[in-house]
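Just one chain is shown here, as C-alpha cells, and it is the form predicted alone.
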Amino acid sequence: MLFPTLTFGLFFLVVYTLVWSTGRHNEWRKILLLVASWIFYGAWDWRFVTLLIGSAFLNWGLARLIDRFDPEEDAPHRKSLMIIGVIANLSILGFFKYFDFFIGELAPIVTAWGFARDLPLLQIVLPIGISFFTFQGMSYMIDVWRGRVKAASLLDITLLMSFFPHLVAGPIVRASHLIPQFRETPKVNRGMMAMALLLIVWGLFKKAVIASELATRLVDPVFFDPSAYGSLDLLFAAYGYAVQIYCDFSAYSDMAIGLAALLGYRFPRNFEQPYRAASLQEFWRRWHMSLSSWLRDYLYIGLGGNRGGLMFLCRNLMITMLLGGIWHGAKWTFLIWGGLHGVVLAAERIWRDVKPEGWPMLPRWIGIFITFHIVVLGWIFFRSESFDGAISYIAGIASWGGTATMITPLGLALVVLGLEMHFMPPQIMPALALRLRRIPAPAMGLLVGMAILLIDSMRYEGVAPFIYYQF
C-alpha cells in the first residue's frame, strides 16, 4: 500500500476516525494502530506479517530477560543475551537479504575448485522494510542492555516496530523517542495539524510529480542502457538521479512525519538540506539522519569511534560505511558506494589533522560544489545495476561524445524545481504552516483537498514504489 494512492488515503481516513474515536482509552488506541499497521503491511504480502510479529517478540523477550539481571552483578549474563539478540536479528536479516547473493558469489569459486554442483538458490522474496524494522528492534534491545531505556510492554514494542507511517522506509525512530509517547494519550493542536498537512502535501508533490517524472522520463531509460546515450545525457541523468532520490526519500519521510503527527505522535527529522553540505561528514549529518545516527551510535562507537588514534578512527569509518553500504542491499555497487564514502570521510579526517597550521580555508561554496559531485559520483554506483554498468556509465561521461537527446525543457524544469525545493530557506515551511493554522478547519480541509487533486492531475499515470522500499 503506497502513500500517494487513493487506497491508502481511504485506509488512513478510516484509521484516523477510529483512533480519535477512542477518546482517552490509550490502550485501545494502540491496539487499533497495531492492527491497522498489520493490515497496511499485509496488503503487500500477508505471509510476512508473522515475520514482523516474530521479530517484535524476539526483541521484547530478550530485552525483558536483560532487564531482569542486575547491571553490575550480572553484567556477563546481560551481555550474553544482548549478543544472542544481535546475532538472531542479523541472522534473520542476512537470510532474507543476503543468502542468495552469497550463494551466487560462492558458486564460481566452488566450481573452480572442482566441485561442479548446483548450490541452492532459494529465490527468497525480500520483505519490504526488513532492514528498518530489524534495526529498530535491535537498537531497542541494545539500549535496554546499555541502561538507556527500561524494558517496555509487548504492546508498545510491537507497535514501535510495526507503526505503519515509518514501517517500510523509516525514519528509524528509537524506543527512547517513541515509547514515552505511546504511554501518554496523544493530543493534536492546530499548529501540529497544519504542519502535518503541509508536510503531506509537500511530500506528495515531491514524490508524485518530481521524483516519479524524473524516474520515468530521464533516469530509468538512461541507466537502463548507458551505452545508448552521449556524455551530456549521462551527466544530466546523474544530476537527475541526485534530485530524484532526494525528492523520493525525503518525500516519504515528510509524509511519514505528517501522518504520525495527525495521529498525535512526533517523529524526528530525517533530512536537512543535505546538498548544502560542505564536507561529506556534514552530508551525513543532513542525509537520512536517523540511519547515520544509528550507524554512529551502534556501530562506529561500538568499534571504538575516535579512540585509539587516527588510523583506528579511519578503520572504524571504513568499516561503518562499508557495512552501511551493504545494509542497502546485496550488490557490489552498494559496497563500492559505501567504500567511496568511507575513503572520503577518512581523507577529510586525515587532512584535518595533518594540514599545515594557518592553511587558508576554502570558501564554503567550493566545499559544497566538491562534496555534491562526490555524492553524485557515489549515486552512479548506488543506482547502477552492476559494477560493470557503473564503470561504463562513468566512462561514457568521460568520453565527451554523442548527442544530447534527453535534456528536454521538462527535464530541466524538474531538476531545477527539485533543487529549488531543496535549497529554499528552511523558515518557509513553518511560516506557511502558521498561515495555514489561522484558516478555519473546513477551509483548511478544502484547501488541502484541492492541492491533492491538483497534484494528482499533474503526476505521471501510476505511482512507482518509493526507492527505499527495496531496503
Partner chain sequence: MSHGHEFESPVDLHGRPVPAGHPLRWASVTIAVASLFLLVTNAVSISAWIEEQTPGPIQAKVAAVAGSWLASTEALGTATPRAALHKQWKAAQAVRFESEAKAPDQR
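Residue numbers count along the first chain shown, from 1. All of these numbers come straight from a predicted model, not from anything done at the bench.
The same protein also exists as the form predicted together with its partner chain; that form is not shown, yet it is the one meant from here on.
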**Asked** Looking in the predicted complex, is its partner chain within 4.5 Å of a heavy atom from each of W20, M192 and Q281?
**Response** yes
Partner contact check in the predicted complex: of 66-74, 30-38, 398-406, 48-56, the stretch with a heavy atom within 4.5 Å of its partner chain is 398-406
Checking A215, M82, A151, A261 against its partner chain in the predicted complex, the residue with a non-hydrogen atom inside 4.5 angstroms turns out to be A261
Answer key, its partner chain contact in the predicted complex at 4.5 Å (heavy atoms) among R315, R266, H373, R146: the residue is R266
Would P442 show up as a contact with its partner chain in the predicted complex if we use heavy atoms at 4.5 Å?
yes
Checklist entry - Heavy atom to heavy atom, is A433 within 4.5 Å of its partner chain in the predicted complex? => result yes
Touches its partner chain in the predicted complex: S139 (any heavy atom, 4.5 Å)
no
Contact test in the predicted complex: L412 vs its partner chain, heavy atoms, 4.5 Å:
yes
Restricting to 7-46, the residues within 4.5 Å of its partner chain in the predicted complex through any heavy atom are T7, L10, L13, Y16, W20
